[in-house]
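Only one chain is given next, in structure tokens, and it is the form predicted on its own.
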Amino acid sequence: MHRVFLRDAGPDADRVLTIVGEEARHALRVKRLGPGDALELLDGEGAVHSACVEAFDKQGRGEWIMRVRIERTERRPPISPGVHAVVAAPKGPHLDEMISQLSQVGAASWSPLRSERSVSEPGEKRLDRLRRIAEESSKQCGRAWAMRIGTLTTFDDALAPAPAIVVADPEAEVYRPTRSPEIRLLVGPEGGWSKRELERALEAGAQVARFGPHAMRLETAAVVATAVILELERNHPEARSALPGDL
């Protein structure tokens, strides 16, 4: 199923929408869609519009236009529990890869973390790029709610009261399900947490936990920890009948 990310698709069925530019070109030239073919429109906020292609055309400067008709709209709940990853930003392309993979495994949001040993902090232009990567990932994996990209968060702010706070550390005990609807996951930089930070986390009531037998690169740890949390929380005996979501 070909998917298009379109935030302003609107809630109504039986509507004809015009899609222009790269999305239209990709649908025609790469996906080889034609009149009558089915596709989905995602607005990133829970709406999944089933649609079909009505026609292709070109604007004056050669830009492709695709007209689609919405036939049915379904609203899906967000994945629960909501895992909000507050993670130190890795260097270079590792950050882009981490954002795509966090989106695929089901993180509700990601925010860059400033900790004592942080080495990289993305600026606003980079954050805009990461939002686009999260949207592209939504199309690829079919998630109805796009992963949100937050702003820079200090370690102390990340320990502000929340239903559940989990701090990833390879030297800790294994993760224990919290049965919480919202979980804030903290993953530190390659240099790890300082002694003071771990002490502050415990004082704040956070669960310090490990998510595998080995130390991992931070981008790997963030993705693995998110997946483990979602799997264990959703498969806990008390959670199976209570948690909504399309994971």
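What you are looking at is a predicted structure, and each value in this text was computed from that prediction instead of being measured. When you see a residue number, it is the position in the sequence shown, counting from 1.
We do not show the form predicted in complex with a further copy of the same chain, though everything after this point is about it.
None of the heavy atoms of residue 159 is located within 4.5 Å of a further copy of the same chain in the model of the complex. a further copy of the same chain in the model of the complex is not approached by residue 113, whose heavy atoms all lie more than 4.5 angstroms from it. None of the heavy atoms of residue 125 is located within 4.5 Å of a further copy of the same chain in the model of the complex. At the 4.5 Å threshold, heavy atoms of residue 82 stay clear of a further copy of the same chain in the model of the complex, well away from it. The three marked residues, 104, 141 and 232, each reach a further copy of the same chain in the model of the complex, with a heavy atom inside 4.5 Å.
Among 176, 132, 91, 117, the residue placing a heavy atom within 4.5 Å of a further copy of the same chain in the model of the complex is 176.
When a further copy of the same chain is considered in the model of the complex, only one residue from 46, 212, 192, 181 comes within 4.5 Å through any heavy atom, namely 212. Only one listed stretch (215-223, 24-32, 59-67, 181-189) carries heavy atoms within 4.5 Å of a further copy of the same chain in the model of the complex, and that stretch is 215-223.
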